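Below, in structure tokens: the form predicted on its own, a single chain.
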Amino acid sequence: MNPVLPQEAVEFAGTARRAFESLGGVDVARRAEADPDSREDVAKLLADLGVDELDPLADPEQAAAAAALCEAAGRVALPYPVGGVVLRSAAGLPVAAVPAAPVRVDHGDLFDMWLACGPAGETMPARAVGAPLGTRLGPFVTDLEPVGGAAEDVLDPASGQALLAWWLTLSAWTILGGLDRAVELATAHAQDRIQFGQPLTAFQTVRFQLADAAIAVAGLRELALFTLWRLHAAPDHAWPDVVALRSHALDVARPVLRATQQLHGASGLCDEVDICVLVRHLQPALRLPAGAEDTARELAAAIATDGFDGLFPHGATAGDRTSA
């Protein structure tokens, strides 16, 4: 496993980040809540970036570029289902991993039809039902209605399982981008905020909180890179790794978002502050298609069925490892 993304993917991510910032950064999400039609600007920008030409299932280089794009999108809470669009079906339908019931997806209103992947990898064409729910923790979460039968272009159950695995992986990269940016925002605020005559970073407790958050995000990045490699190196055995990545992303997100928002003080709850918008727009990725408890159960089932290799050797005693 190469512990870094290919240079081409890094350069593509840099281009995407600059493009997202030129569009307004987190302000794009703010504008979208006030004017949902403004998301069309995001669609045009993604087309200009060549997203339609990406196929992460084709080769590791394109997979790395797709992951880097999703990370860049997560950093600015980009109001668009980037991972689903990158994973479009052969018929051009955006892909979404959905719970068994109710069938929901973020930004479901943007497309007439979706290719929905259920918990077992089953696929079905589905259409949006009504307007987005408009809840505080999911402004654009939309109900989908299956239109009957399996998707004609994804008849092989293994293909549906592969799409589900890739969707979960790219979603984890989006979460990673959001968490990484949250740590940056909290660090900058703590350096600028003067309390009792000195910056917040002068206090040991604050430094510990920032260090813990940064280390947690760095660890998530390592696991995300491993899973990305695993999906191409051993696709038939990668499902436990994918679920482990999803589970770890949820476990890391909770304390990191809590700490970084709290370090902003009361302003961390104000929509005028980027951390608040970032936390809110990450919620659908953290809650759909399943939360931490259901994901942990799925991970246990996957390990029981397929085993689990993971990043490091495990299951042996210290003596066994020493003798080896």
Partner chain sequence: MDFDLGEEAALLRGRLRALIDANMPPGFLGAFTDDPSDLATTQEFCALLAREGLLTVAWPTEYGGQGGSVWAQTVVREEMWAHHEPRGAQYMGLNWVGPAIMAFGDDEQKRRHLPPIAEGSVIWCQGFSEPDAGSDLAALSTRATEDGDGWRLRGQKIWTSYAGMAQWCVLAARVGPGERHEGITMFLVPMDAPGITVVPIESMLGPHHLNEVFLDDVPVGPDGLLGEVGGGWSVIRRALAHERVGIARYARCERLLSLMAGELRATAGRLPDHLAVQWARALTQVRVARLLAYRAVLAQEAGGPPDAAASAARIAVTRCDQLVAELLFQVLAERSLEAGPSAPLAGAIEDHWRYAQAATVASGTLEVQQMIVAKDLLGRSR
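Residue numbers count along the first chain shown, from 1. Please read these numbers as outputs of a predicted model, since none were measured by experiment.
The protein also exists as the form predicted together with the partner chain; that form is not presented, and the subsequent description refers to it.
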| item | value |
| --- | --- |
| Listed residue (49, 54, 299, 292) with a non-hydrogen atom within 4.5 angstroms of the partner chain in the predicted bound form | 292 |
| Listed range touching the partner chain, judged in the predicted bound form by heavy atoms within 4.5 Å, from 162-170, 187-195, 73-81, 120-128 | 187-195 |
| Residue contact check: residue 287 to the partner chain in the predicted bound form, 4.5 Å heavy atom | yes |
| Contact test in the predicted bound form: residue 99 vs the partner chain, heavy atoms, 4.5 Å | yes |
| Partner proximity in the predicted bound form: residue 141 to the partner chain, non-hydrogen atom cutoff 4.5 Å | yes |
| Partner contact for residue 266 in the predicted bound form: the partner chain, 4.5 angstroms, heavy atom | yes |
| In the predicted bound form: members of 52-82 within 4.5 Å of the partner chain, any heavy atom | none |
